[in-house]
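There is one chain below, alone, in structure tokens, taken in the form predicted alone.
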Amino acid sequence: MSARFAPGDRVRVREWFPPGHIRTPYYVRGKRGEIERICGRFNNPERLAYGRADDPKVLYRVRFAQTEVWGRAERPSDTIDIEIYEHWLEPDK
């Protein structure tokens, strides 16, 4: 498995709104987080939903600060973890 990112890397979720079955939650698009772990390589559900050929992608668990996702949080130190495929992530510069 060749992964583009490693745990601890800062990433940004692509601000991308293609039509169809998309697994990446709307509310994290354009948000910044940190790779918490590499989950492995899995078939791409965005293609499988339409019966298209297998296209395995690396899946990551990305950790976001609640304040990054929602703008404010009752406890600013709280985080949210979301599993996101590699093609949705960019390095956070």
Partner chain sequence: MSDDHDHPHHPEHHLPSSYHEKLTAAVIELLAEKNVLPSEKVTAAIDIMDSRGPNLGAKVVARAWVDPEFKKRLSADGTKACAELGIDVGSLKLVVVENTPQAHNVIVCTLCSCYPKMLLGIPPAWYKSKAYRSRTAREPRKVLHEFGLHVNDGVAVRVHDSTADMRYLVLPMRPSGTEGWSEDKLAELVTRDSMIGVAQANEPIAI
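Since the model is a prediction, treat every value here as computed from it, not as a measurement. Positions refer to the first chain, counted from 1.
There is also a form predicted together with its partner chain; it is not shown, and the following applies to it.
Mapping the unseen interface onto this chain, residue 61 counts among the residues with a heavy atom inside 4.5 Å of its partner chain in the model of the complex. Among residues of the shown chain, residue 17 is not one whose heavy atoms approach its partner chain to within 4.5 Å in the model of the complex. Although the partner is absent here, residue 37 lies within 4.5 Å of its partner chain in the model of the complex, judged by heavy atoms. Its partner chain in the model of the complex comes within 4.5 Å of a heavy atom belonging to residue 75. Shown here without its partner chain, the chain has 74, 75, 77, 78, 79, 80, 81, 82, 83, 85 in 73-93 lying with a heavy atom within 4.5 Å of that partner in the model of the complex.
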